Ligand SMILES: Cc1cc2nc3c(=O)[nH]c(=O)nc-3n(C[C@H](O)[C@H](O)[C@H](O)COP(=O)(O)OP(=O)(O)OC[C@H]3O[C@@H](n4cnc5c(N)ncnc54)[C@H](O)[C@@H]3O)c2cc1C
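Given as structure tokens, the chain that follows is alone and in the form predicted alone.
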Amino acid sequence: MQWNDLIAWIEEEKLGAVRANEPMADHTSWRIGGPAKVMVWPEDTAACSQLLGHCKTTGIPVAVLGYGTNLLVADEGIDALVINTREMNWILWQDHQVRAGAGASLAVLAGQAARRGLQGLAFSIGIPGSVGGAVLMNAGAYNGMISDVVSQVVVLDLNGGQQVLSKEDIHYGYRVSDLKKNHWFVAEALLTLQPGDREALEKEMNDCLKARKEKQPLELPNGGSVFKNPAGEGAGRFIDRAGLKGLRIGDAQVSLKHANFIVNLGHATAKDTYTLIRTVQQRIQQQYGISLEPEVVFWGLKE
């Protein structure tokens, strides 16, 4: 099937706004990446199911995009239908539980929870990602993880088939889950929170935001933490001790503020950034015998 035929089918089925050759640099926090052949913005789970099923049947490559953090896309772009979940941003509260669509903002959700006097999401106030991405990769910070509050997840497989999974079905670990291993699409999630003190929660969130601003290079485009923390110590400390802060390839640079961040100084390419990631891995392996594992997902680049 030609890409124009795919666009015509999406428009005919009314599955969401759709565009051809959409620059991925406009949709990633690194501001890096060539065009996606086709990008679509579905508004509900049913549309996603139909899109996935159609792509499976026709052999069209498909990729799912949240808020584009922890994602590095090749300069040449990606020959795939990219399903952008940002229109699936609904949030429904019922007492101390909340059901949210894949494209809901994790930070917005955390703020709403605090205003309701509910605890369990304060750690996520500064994480610039979506609920879908957070649930998929078990996002966390400041000793909290999304798996602490997940009760149920609605997922779609690559055929578009729908399943409802409990937390126990997912087998969460540090920055990993069966959702990620099985390449499932997280369509929505049910989170269960606990009663807390509103003022204390708002203070905790303000402290988290202040710490992020002080310690992380939020003033420059970046992809979030580049590497998972090895057991016992932060990846940034190894990179810092190895003297790699400020190491630069093109306009990609190991942040001078936090060594586990790589920033885009203005015109960094995916090639620059990818080469810098591999260089840091090699140096740390040579100096400390430690293999740093990327948190970053690579599209169109070899992992």
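As the structure is a prediction and not an experimental result, all values here were calculated from the model. Each residue number is its position in the shown sequence, starting from 1.
One more form of this protein should be noted, the form predicted together with the named molecule, which is absent from this view; the next part is about it.
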query: Listed residue (S147, Q152, Q119, Q216) with a non-hydrogen atom within 4.5 angstroms of the named molecule in the model of the complex; finding: Q216
query: P128, P230, G196, G111 - the one with a heavy atom within 4.5 Å of the named molecule in the model of the complex; finding: P128
query: Check all three, A134, R175 and G224, heavy atom within 4.5 Å of the named molecule in the model of the complex; finding: yes
query: A100 within 4.5 Å of the named molecule in the model of the complex, heavy atoms; finding: no
query: Residue contact check: E295 to the named molecule in the model of the complex, 4.5 Å heavy atom; finding: yes
query: The named molecule contact in the model of the complex: V73, any heavy atom under 4.5 Å; finding: no
query: Interface membership of K167, the named molecule in the model of the complex, 4.5 Å heavy atom rule; finding: no
query: Contact segment among 31 to 39, 237 to 245, 265 to 273, 60 to 68, judged by heavy atoms lying within 4.5 Å of the named molecule in the model of the complex; finding: 60 to 68
